[in-house]
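Here we start with a single chain on its own, the form predicted alone, put down as C-alpha cells.
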C-alpha cells in the first residue's frame, strides 16, 4: 500500500466512506446540491432515542443555571428597563467536561453498533477527551490526533492540557505540527487500523447536540414560563450552533434567536506556523468560525452536517481580553471556574443583555471544564513569552490579534463586533464561484443555495448576478 501523501489523499473518498459507515453519494442531487434533511433524518434515531443512548453513558441533563450576581451587575450598567437575565447551560457536568460528550456519544455508539474495534478523531479541542471518555465507557480503543506544535516544537498550553485529558481516559494520542499533516495522518491511521472516523462533522455528531437545544428550551420554559428569547452559541466549526438550533426547533422554540459568537482572531492564519502560537484560543474563534460558515464542506467528510447559515440569526465577535476578564468574573461572582469556550459566548451575552429588555431571557449554551493549561494565567504567560503585549484598556478599540491582548478595566467596556449576515451569505456564494470556477447555477442548485443561506430564490439569483458583475 502506497503511504505517500499524494497516494493517501487520492484514496480519501474511499477511506472516509469505509470509516464512517455512511454512503454520502445517495444524498447527492445535482452539482453542489444535496439533500441535507434526508442525510440528517436517515440516522434512524428519534431525539428520544438519542437521549436514551446518552443516558447510558451519563451524558446530558445538565443544569441550567441563572447567573444571578452577574445579572445584578448587568443591571448596574444598563439603561432603565434594560438588562436581560442570563442563564448558562453548565455542560461542564458532562463526563469529560464539555458539550462534546453529546457529540461523541452518538458517534462512539454507532462505532460499537457497527462492529468497529476503535475510533479515531482529529481534534485539538475538547472533542478528543469526549471521544476518549465515551470509547472507554463503550469498551472501544481510541486514537486522538492533535495539531499541537509549531516548527520549534512549542505546544500551546491549552492543547497540552487536552492531551493529558485524552491520555487519562486511556487514548493513544498522536501530536503533529501545524499544517496539512493532520488530515494526512488521520486518513492513514483510519486506513491502517480500520477504526471508525468519529468526525466532528458527521450527522451522528450533530444529532448528538440536538438534545442540548431541546433541554435548553424545556428547562428555560420550566424555570421562567417561556422559551428563551436568545441563545448565544460559541461558534467554531458550526456543530454546536447547528445542533443547538435544531434541538430548539424540535422543542417548538421557533421564535428563539440563535446568535453565534467567536473570538476575533482576524488577520491570523490558522495554518500558519508563524501565527499558530500568537493566539490564545484554540477553538471558538474566527479562524474556524468564518471559513466553516461560508464553506462548510471543508471538513473531513464529503458533506458537513454542521451548516450554520441555515440556523444562525446573528454573528458577533468578542476579543481575547474580554474572555479572560469574563472567566475571572464568572469565578469570582458566581463561584463557577470554567474554561474559555463557553465564556466566549458569555461575553457576548453580557453585552447583548444590556441592550435587551429586563424581562427577556438569554441562554449561553455551554460551559467547559478548566485546568492548568486553560487558565487565564497560563494563557497570558504563554502570550507574553511569544511576544504578545498584554495591557488594560478598551478591548474593542485597542485589541490587535497576534500583537496585543487588551483586558477591560471595568464591565462597561465589554462589548461585541457585529458581522453582518449579508456579508457571510455573499462570502458563501463567492466561495462557490471561486471553487467551482463557474457562476451559472442550475435551478436545483439555486434551490439548495436558497435553503443554505435562508434567502428566497429571486434574492439568490440577484446576489449571484451582483457578485458575477463585481468579479468582471
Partner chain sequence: MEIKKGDWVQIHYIALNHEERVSHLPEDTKKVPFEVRIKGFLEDEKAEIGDIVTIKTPIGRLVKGKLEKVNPKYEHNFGEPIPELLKINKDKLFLSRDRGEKPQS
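Residue numbers count along the first chain shown, from 1. The shown structure was predicted, so the numbers you read here are calculated from the model rather than taken from an experiment.
What comes next is about the form predicted in complex with the partner chain, which is not displayed.
The stretch from 130-138, 281-289, 231-239, 371-379 that comes within 4.5 Å of the partner chain in the predicted bound form, counting heavy atoms only, is 371-379.
Although the partner is absent here, residue 143 is a contact residue: one of its heavy atoms lies within 4.5 angstroms of the partner chain in the predicted bound form. In the predicted bound form, the partner chain lies within 4.5 Å of some heavy atom of residue 72. Although the partner is absent here, residue 311 is not a contact residue: none of its heavy atoms lies within 4.5 angstroms of the partner chain in the predicted bound form. Proximity of residue 171 to the partner chain in the predicted bound form falls within the 4.5 Å heavy atom cutoff. For the options 267, 179, 194, 95, the residue carrying a heavy atom within 4.5 angstroms of the partner chain in the predicted bound form is 179.
Contact with the partner chain in the predicted bound form, defined as a heavy atom within 4.5 Å, holds for exactly one of 300, 399, 215, 161, namely 161. Of the residues in 325-359, those that come within 4.5 Å of the partner chain in the predicted bound form through at least one heavy atom are, in sequence order, 325, 328, 329, 332, 333, 358.
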